[in-house]
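What follows is a pair of forms of the same protein chain, given separately as structure tokens and numbered structure 1 and structure 2.
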Structure 1
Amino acid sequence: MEKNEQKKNEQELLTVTSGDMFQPYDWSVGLFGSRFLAELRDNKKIYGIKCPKCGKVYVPPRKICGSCYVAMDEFVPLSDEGEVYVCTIVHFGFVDPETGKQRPVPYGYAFIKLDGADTCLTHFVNSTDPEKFKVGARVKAVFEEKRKGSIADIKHFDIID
């Protein structure tokens, strides 16, 4: 990533909201979270962060390596494809805090280990077929057409095998 682009991302702090749903608080996702979400929004790219000591790649990015306890600052691009690590098919409805809208049921939800990452990203999977939606299934991110700088800029993951 070029220095000008890096500087731009360092100055932009994104805030996550709950759509029209009222929440009695606001919170910032910080510098690393802002950069992660800005890349989703602006470039449809998923970035992780690499530990300089053990080489472990975290997604979403975090400041300190959970294994070595050293500061991390090397952002690395990750594939938008990966493998289902843990999954479930949810059959009860709830109000999605990202949108403030009722989530239709059933839906798939999974821990996804993206190619190039050592940790998992949790997200929706566009399948409820237990023959296809299972541990080890290959998936690919599908991005929203209009993105706003939130994890919901990844609409869901599709099963690709």
Structure 2
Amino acid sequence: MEKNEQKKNEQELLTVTSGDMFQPYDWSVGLFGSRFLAELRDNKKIYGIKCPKCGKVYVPPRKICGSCYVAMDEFVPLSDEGEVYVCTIVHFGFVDPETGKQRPVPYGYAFIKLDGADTCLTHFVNSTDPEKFKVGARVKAVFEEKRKGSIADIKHFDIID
């Protein structure tokens, strides 16, 4: 009995690896999401959408104001500059589920309140210096040369002073 216990404890414990699983999706972004991304791609313009009831300007645009539960349709142009609302500098490594590869670190990540918007765009900020990259810092969008109609058409935000 004791011997069996011993054997059980020494038994190797196996795992089975999934392999390089990859499941591509085609996510619909809807009428408003499409218009937002097309403006970003074609004109380097960032648009928000305004609630007819509470007046809140949301970015990215979506159809419904959740708080008022009413439909929105008034697109409003936003500045490509804004303020860091909250931020962090990511140092730890992890698998990016979009690529299956390690996300390059460190990188700056922030919620950015663009001038004219009431909600934040979440994006990369091109700084890993906690002295400069902090709550309240002013930032400006940097666009990719070749744009494809995704949020990554904004390469990142630069800190401006």
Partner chain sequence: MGKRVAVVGFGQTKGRSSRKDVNGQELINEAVVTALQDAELTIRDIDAIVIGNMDHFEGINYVDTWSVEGAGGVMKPIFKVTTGGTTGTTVAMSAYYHVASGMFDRVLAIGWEKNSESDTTGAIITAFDPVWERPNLGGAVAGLAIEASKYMSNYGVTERDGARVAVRERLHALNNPYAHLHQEWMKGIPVDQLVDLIVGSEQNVMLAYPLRMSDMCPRTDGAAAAVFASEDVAEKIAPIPAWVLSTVNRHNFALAGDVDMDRNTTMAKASKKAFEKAGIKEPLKEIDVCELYLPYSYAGLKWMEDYGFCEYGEGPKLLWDGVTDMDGELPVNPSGGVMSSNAIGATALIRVGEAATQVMGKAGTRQVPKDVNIAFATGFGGCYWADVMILGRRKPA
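Nothing here was measured: the structure is a model prediction, and the numbers come from that model. In this text, the rigid core denotes the largest set of C-alpha atoms whose superposition between the two forms falls within 1.5 Å. Residue numbering: sequential along structure 1, first residue numbered 1.
Of the two forms shown, the one predicted in complex with its partner chain is structure 2, not structure 1.
Core fit done between structure 1 and structure 2; CA of Phe92 shifted by 2.5 Å.
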